[in-house]
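Read the single chain below, which is given as structure tokens and is the form predicted alone.
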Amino acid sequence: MKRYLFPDDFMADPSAHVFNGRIYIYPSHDWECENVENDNGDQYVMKDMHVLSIDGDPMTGTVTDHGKALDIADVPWAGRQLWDCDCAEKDGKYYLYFPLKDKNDIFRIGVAVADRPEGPFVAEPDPIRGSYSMDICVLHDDADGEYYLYFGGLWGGQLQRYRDNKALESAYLPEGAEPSLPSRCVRLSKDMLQFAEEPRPVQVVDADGKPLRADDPHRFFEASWVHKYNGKYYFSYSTGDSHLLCYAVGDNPYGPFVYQGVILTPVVGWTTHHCIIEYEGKWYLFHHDSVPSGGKSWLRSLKVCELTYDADGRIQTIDGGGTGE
């Protein structure tokens, strides 16, 4: 069974967490626009974000829209396109991490802080030093108590413009048998406002330990998410132009992660972006598709379904119901 969570508005890219016993969802907010759909994602004009919460079971509970939690008009360094966000709690404060293009049209990662999980959030005056690209996930690791931030996306996400955390003079996308571009992982500072180290590549490798090739339909493209199951780290991600959600498993937050399989087959609409959480002993996949908008990939709607594992910890593939077009 699958459920559309919030039919009253177009939202996408869900990041969900359980705070104070309640599920909170941090989605991006799609708007109708006249921009031409292109590989840079100019059709995704998102300019604010709302926070949703669910009263009880995500498949049946009432969904509450807590209203606008952050607006680019309130971010001092903002240019345009407030894309995928995530939130973490530490010592009673809530930290919202968001990608946003600065006034030079370069994606940076910002932080906004609130006293409640629903916000409103107040943005820091500057983006995180050394930050770039987009699609944010934050893991609070119960093994060491640290917070790890994952980020990165190709094409419009600008990841191809960087190597070893330095901007390239000319963007470079690997092709064919070359290793694919990886996501990034970085430990956060104790105050949650900066990187505590240089971001590291998150390698997805095959059974022989070799990085997935650039022409592999299961290679990383965007939408990192990390959760833990039976002590293992599950790194899941979107493959972009092959329209899959895939996952790999590792022994620590940085990886490498060994490729395991497909979580979700293509949906209606080009993009696939998700999160995975546990709630009261069950596991759930939150994602989006474009069925309610008639297939418009820039007007997406939030969806949830139950996720299951087999006895070996493998995630059972879910039918997305579309072709990725």
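Just so it is clear, the structure is predicted and the values come from calculations on it, not from any experiment. Counting begins at 1, following the sequence as shown.
Just so you know, the form predicted in complex with beta-L-arabinofuranose (FUB) exists too; it's not on screen, but the next bit is about it.
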> How about S28: is it within 4.5 Å of beta-L-arabinofuranose (FUB) in the predicted complex, going by heavy atoms?
Replying inline: yes
> Applying a 4.5 Å heavy atom distance criterion, does M46 contact beta-L-arabinofuranose (FUB) in the predicted complex?
Replying inline: yes
>> Given that beta-L-arabinofuranose (FUB) is not shown alongside this chain, does Y94 nevertheless sit within 4.5 Å of it in the predicted complex, heavy atom to heavy atom?
In response: no
>> Would you classify E222 as touching beta-L-arabinofuranose (FUB) in the predicted complex, given a 4.5 Å non-hydrogen atom cut-off?
In response: yes
>> Quick check for you: of 254 to 262, 38 to 46, 276 to 284, 57 to 65, which stretch puts a non-hydrogen atom within 4.5 Å of beta-L-arabinofuranose (FUB) in the predicted complex?
In response: 38 to 46
>> I have D13, M134 and H288 flagged as a candidate spot, so tell me whether each of them has a non-hydrogen atom within 4.5 Å of beta-L-arabinofuranose (FUB) in the predicted complex.
In response: yes
>> At 4.5 Å, heavy atom to heavy atom, what parts of 63 to 86 sit next to beta-L-arabinofuranose (FUB) in the predicted complex? List them in sequence order, or say none.
In response: W83, D84
